[in-house]
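Read the single chain below, which is given as structure tokens and is the form predicted alone.
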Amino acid sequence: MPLIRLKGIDKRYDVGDNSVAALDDVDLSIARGQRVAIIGASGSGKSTLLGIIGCLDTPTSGEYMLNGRDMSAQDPRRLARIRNAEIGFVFQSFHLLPRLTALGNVMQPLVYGGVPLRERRRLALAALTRVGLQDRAAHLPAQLSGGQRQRVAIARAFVGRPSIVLADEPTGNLDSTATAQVMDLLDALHDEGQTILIVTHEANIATRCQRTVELADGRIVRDERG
């Protein structure tokens, strides 16, 4: 059974009197442990697809199965619990909470998951150590470089041992050194069996993935395995 299975997924938005298709009859299956790059021009549907896979958005029609569960059959509260338990997110703009320390940011998924304080501190510190930022645990995001903030975001994404990590242009705001550090971390997570989806416009990032899915006008036009 695939970890992710999309069947006949449509996503439409009403713009005035017109209905615009962001996704059009998308079928996609992703096995556990794969690392997949999602590429395409601006407006091709990449971020919409990632939002649906990440349970941040719902399709207009079609079926989405995640880990054997039908996501279209979940109420919003249940969907939020599944999202917190199953999915880790890494965004281009980091999305760290500015008033929380690095440690506090990494602890957030564990707070929502009901993990006791002592255990979530232990797990968050271990995750920060994993990304080389244990000595920055008490720093606020504004006191960190862009690369350090993204490494905090990666620690937050995997601290709860999710089924999948979704990365939306994770190196888009980083210099070459920070990009290499971030990709090395994602490589290591994948080597340990983590399923990873990366939306990217950078060819050198896509080539590091074992599979590339290309979208155009809301449809999959290429699905290539390396």
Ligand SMILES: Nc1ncnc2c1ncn2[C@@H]1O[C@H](COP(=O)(O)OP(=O)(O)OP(=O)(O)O)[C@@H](O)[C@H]1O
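Heads up, when I say rigid core I mean the largest set of C-alphas that superpose within 1.5 Å between the two forms. The first residue of the shown sequence is 1; numbering continues from there. Since we're looking at a predicted model, the values are computed, not measured.
The form predicted together with the named molecule exists for this protein as well; it is not shown, and the discussion that follows is about that form.
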- Hey, in the predicted bound form, is Ser42 touching the named molecule, heavy atoms inside 4.5 Å? yes
- Task: Check whether Ala22 has any heavy atom within 4.5 Å of a heavy atom of the named molecule in the predicted bound form, and answer yes or no.
- Result: yes
- Query: Do Thr171 and the named molecule come within 4.5 Å of each other in the predicted bound form, heavy atoms counted?
  - Reply: no
- Query: Can Arg69 be called a contact residue for the named molecule in the predicted bound form at 4.5 Å between heavy atoms?
  - Reply: no
- Which of 47-55, 176-184, 190-198, 154-162 sits within 4.5 Å of the named molecule in the predicted bound form, heavy atom basis: 47-55
- Query: C-alpha of Ser19: shift of 2 angstroms or more between this form and the one not shown, rigid core aligned?
  - Reply: yes
